[in-house]
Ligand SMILES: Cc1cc2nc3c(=O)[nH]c(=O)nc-3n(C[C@H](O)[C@H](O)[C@H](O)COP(=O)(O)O)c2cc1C
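The chain that follows stands alone, in the form predicted on its own, written as structure tokens.
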């Protein structure tokens, strides 16, 4: 067996110990750390090396609060009503409510506190830069594959760089871009892809969980013994929900009778 390099060991340790958090300490980030993180991010892969990403670093407490408020008002509202269209037990645990829908919505709007992180990185993309790649990549519009692929690559490197500096981060997905653009003065033509709060975690470390490697890998041809039927997939999804429902329910103060 080939010898494992120390570089691989460092990378493996980084990706297996990195974790996303939703509660940050207000402690400041050392000077220069944000720039070090973005220096790594700018080396991400992109179609035709078009490098479509730009970043806004937000440290102003009022702007951070306004971004969080926009998330609570628009993004959470969108998520809540989308979740209500799912079969009850497959909804995200935070939205598994049978009654008092408005109270549950209000609770989830109050829950996000990533604005307390000392710094926030907003990842933007300019689809015009993607004209450098093949037209088959759908290079312009809201669903550009090469644009969003490149932004995902840059965003993932941000999270790895954050972890390498002993900090932590959160992946804040944005579904409704316009309110955030208005706050930050982002031109309409650009895509607001992601918000990444960074700082020190206000929670303890936890062990990561992933599917076993042997369940994921096929050699030469697809191994049908690993193919999950629709019924197996449904059971898998139920299992994901059952593992997290008690935590989310207790955080909302939901009793067993209400579940």
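Everything numeric in this text was worked out from a predicted model, so none of it was measured. Positions refer to the first chain, counted from 1.
In what follows, reference is made to the form predicted in complex with the ligand, a form of this protein that is not presented.
### Query
Which listed residue (171, 88, 74, 81) meets the criterion of a heavy atom within 4.5 Å of the ligand in the model of the complex?
By the 4.5 Å criterion, the partner-contacting residue is 171.
### Query
Among 211, 221, 226, 206, which has any heavy atom within 4.5 Å of the ligand in the model of the complex?
Of the candidates 211, 221, 226, 206, 206 is the one lying within 4.5 Å of the ligand in the model of the complex.
### Task
May I ask you to check whether residue 14 falls inside a 4.5 Å heavy atom distance of the ligand in the model of the complex?
No, residue 14 stays farther than 4.5 Å from the ligand in the model of the complex.
#### Entry: Close approach of residue 237 to the ligand in the model of the complex, 4.5 Å, heavy atom
Residue-level check for residue 237: no, no contact with the ligand.
### Query
Though only this chain appears here, would residue 25 touch the ligand in the model of the complex if you measure heavy atom gaps against 4.5 Å?
Answer no; every heavy atom of residue 25 is more than 4.5 Å from the ligand in the model of the complex.
### Contacts with the ligand in the model of the complex - residues in 6-20 whose heavy atoms fall within 4.5 Å
Residues within 4.5 Å: 18, 19, 20.
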